[in-house]
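Just one chain is shown here, as structure tokens, and it is the form predicted on its own.
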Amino acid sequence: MDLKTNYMGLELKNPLVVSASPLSMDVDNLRAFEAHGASAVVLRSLYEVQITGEMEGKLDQEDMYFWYPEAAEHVRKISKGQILRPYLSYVEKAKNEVSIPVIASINCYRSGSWVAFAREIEEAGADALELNVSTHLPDSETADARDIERAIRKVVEDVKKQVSIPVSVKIGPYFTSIIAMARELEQAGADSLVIFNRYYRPDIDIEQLEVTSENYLSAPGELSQSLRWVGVLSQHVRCDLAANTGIHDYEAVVKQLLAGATVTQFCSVLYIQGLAYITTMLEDLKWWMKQKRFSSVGDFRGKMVDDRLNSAQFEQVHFVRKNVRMFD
């Protein structure tokens, strides 16, 4: 049974990729990911403001004012002292400890002097770089959507000038036209789009009267949003698609692959079930393929996508069917 897939030019043994999280910053965990069958791992992100702050000798607190509070606090905590050299050293160590591809990650929203650091990440041995471009909130009531989108495109263009390794772009779902934005990023040089970044879920503790964010793990019910857009985008872009968020079992993996995803990324389920659950997902995927008589992932990738229907028509068809049955 052939589970291999080609992601951004990287030959992966299967479509199960561990996404960026604190789990990936422990070498023992990296070894466990590989031992249990993961085909690649994305390291925890550095933040643009951290890189710029260390390169220019200052941490721009004004910029951080408009961040999500949780992200800003994370940066403050780990930005005391040098962080860039240790990150590069960890990339080098990771490459020496595991044979699966190691993908570095940077949270960013605009271009600047920090993009030169991407070259150092490549020189440290990273197999690819993932740009998470959905952290920053618009910092003005007059911010224009096109200005924001152009800034994101420029990040990708400038980083691609710095590196020869593949670059993926992790985006959020909040664009007026996701298809148009996806095409812009592909034209800018993105080798893959990661669909989607999961934003922090703020809440309010009504007893302590403070903002909290304890809901940091995804749930299986969050799968549908990325599933829909993976299916739509697979018909509109040629770059690879990595499905992310809500992937908690082999069924979610199968659904995303049927919709056209090249790989699936997950980490929340590993916090819940443990790292060994990667093996369970992999074996269950093999079992399903055997039952359906598919000998390779390529046999069923994109099988459920109908390019005659766009996303709006797809939603309408199911709405009509549901309501017609109600009156039968």
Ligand SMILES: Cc1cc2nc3c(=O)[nH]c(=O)nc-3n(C[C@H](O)[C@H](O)[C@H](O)COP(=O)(O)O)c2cc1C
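From 1 onward, residues are counted along the sequence shown. Quick caveat: nothing in here was measured; it's all calculated off a predicted structure.
What comes next is about the form predicted in complex with this ligand, which is not displayed.
At the 4.5 Å threshold, heavy atoms of Phe33 stay clear of this ligand in the model of the complex, well away from it. Mapping the unseen interface onto this chain, Gly9 falls outside it, with no heavy atom inside 4.5 Å of this ligand in the model of the complex. This ligand in the model of the complex comes within 4.5 Å of a heavy atom belonging to Gly246. Interface residue remark: Asn107 is counted as part of the site for this ligand in the model of the complex, having a heavy atom within 4.5 Å.
Considering this ligand in the model of the complex, the lone stretch of 176-184, 193-201, 92-100, 154-162 in range is 193-201 [heavy atom distance within 4.5 Å].
Counting a residue when any of its non-hydrogen atoms is within 4.5 Å of this ligand in the model of the complex, the hits in 266-289 run Phe266, Cys267, Ser268, Tyr271.
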